[in-house]
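Coming up is one lone chain in structure tokens, specifically the form predicted on its own.
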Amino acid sequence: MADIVLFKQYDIRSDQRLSEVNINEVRRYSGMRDDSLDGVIDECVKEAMPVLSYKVSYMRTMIDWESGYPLFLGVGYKSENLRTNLKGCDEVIIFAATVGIGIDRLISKYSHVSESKALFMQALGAERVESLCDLFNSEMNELVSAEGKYLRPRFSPGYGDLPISVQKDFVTVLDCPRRLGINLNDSFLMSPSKSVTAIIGITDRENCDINNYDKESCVHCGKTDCEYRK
């Protein structure tokens, strides 16, 4: 498979798969455990949805296992967690996804006037970019299923022992500044903030339930005190 960078943009006016916000997930990301402020969440959803822009840049490439660790993009990633995640895979999909800068502007706006709305805008942005990743993951699953192959759980830089600095490799090879408007700061954090980079292993072995990949990502991450852990 040639290492060609591809691009997808989703329009919720014609693609209904992203049109429904999971309010339970917004509550979870915000730390809310009840529905007492659902009216505020609804206001945030109505204001934010028109400014969101759903974009993904991705490529499919081979893995070299000669060193015992996965090597792709010309780099050997000496991460035990990533090696476990990609065990049995001979290819990976590398992708970056974002919902754009609009949600960051709303977060900034409300950080000065309404702490609750700023919190829910943060949570909504997280829910939206995860929904985008879920949709992309599902589409890639359909693609490889037609080839008789399977996907491993997606795995992001910053999970477990895979350093967040790995994002620099992905942002560069996927041409993220030009294609997605994603840039990194000196700490390797992305702007727009509601953006994700990730790796998805491709295997011939039926060893993973794709519907549970979020849960498995948490299993492969060694961090046990994360408030978002499923």
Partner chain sequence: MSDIREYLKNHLLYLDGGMGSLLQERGLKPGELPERWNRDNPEAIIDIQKMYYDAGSNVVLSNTFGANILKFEPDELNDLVCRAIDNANEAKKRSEGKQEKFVALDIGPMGKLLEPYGDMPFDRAVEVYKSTIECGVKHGGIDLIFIETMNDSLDTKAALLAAKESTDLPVFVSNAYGDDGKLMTGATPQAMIAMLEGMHADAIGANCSLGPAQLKGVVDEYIKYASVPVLLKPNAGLPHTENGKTVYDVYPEEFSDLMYDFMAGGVRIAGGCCGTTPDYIRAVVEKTLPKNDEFVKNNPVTDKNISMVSSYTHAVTFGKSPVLIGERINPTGKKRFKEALRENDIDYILGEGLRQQECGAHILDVNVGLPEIDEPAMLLKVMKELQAVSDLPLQIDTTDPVAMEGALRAYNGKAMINSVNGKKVVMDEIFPLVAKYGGLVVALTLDEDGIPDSADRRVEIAENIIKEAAKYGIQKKDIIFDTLAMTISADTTAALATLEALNRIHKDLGCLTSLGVSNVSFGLPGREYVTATFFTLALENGLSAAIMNPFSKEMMKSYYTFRALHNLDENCGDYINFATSYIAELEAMQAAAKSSDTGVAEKKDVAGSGGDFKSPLQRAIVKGLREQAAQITKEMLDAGAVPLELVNDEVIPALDIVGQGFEKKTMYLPQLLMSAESAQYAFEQIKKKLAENPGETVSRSKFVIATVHGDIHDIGKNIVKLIFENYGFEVYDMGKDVPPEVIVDKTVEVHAPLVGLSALMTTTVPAMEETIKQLREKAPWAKVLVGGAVMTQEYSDQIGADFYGKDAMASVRYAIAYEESLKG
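Numbering follows the first chain given and starts at 1. Nothing here was measured: the structure is a model prediction, and the numbers come from that model.
Same protein, other form: the form predicted together with the partner chain, not shown, and the subject of what follows.
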property: Full three-residue contact with the partner chain in the predicted bound form, heavy atom 4.5 Å, for M32, E115 and Q122; result: yes
property: Region of this chain that lies against the partner chain in the predicted bound form, out of 76 to 84, 89 to 97, 139 to 147, 105 to 113 [heavy atom, 4.5 Å]; result: 105 to 113
property: Contact residue in the predicted bound form, chosen from V40, V166, I63, A48 - any heavy atom within 4.5 Å of the partner chain; result: V40
property: Selected contact from L180, L174, I200, V196, since only one has a non-hydrogen atom within 4.5 angstroms of the partner chain in the predicted bound form; result: L180
property: Contact test in the predicted bound form: L71 vs the partner chain, heavy atoms, 4.5 Å; result: no
property: S67: touches the partner chain in the predicted bound form, heavy atom cutoff 4.5 angstroms; result: no
property: In the predicted bound form, I101 touching the partner chain (heavy atom, 4.5 Å); result: yes
property: Exercise: Q9 in contact with the partner chain in the predicted bound form, heavy atom 4.5 Å; result: yes
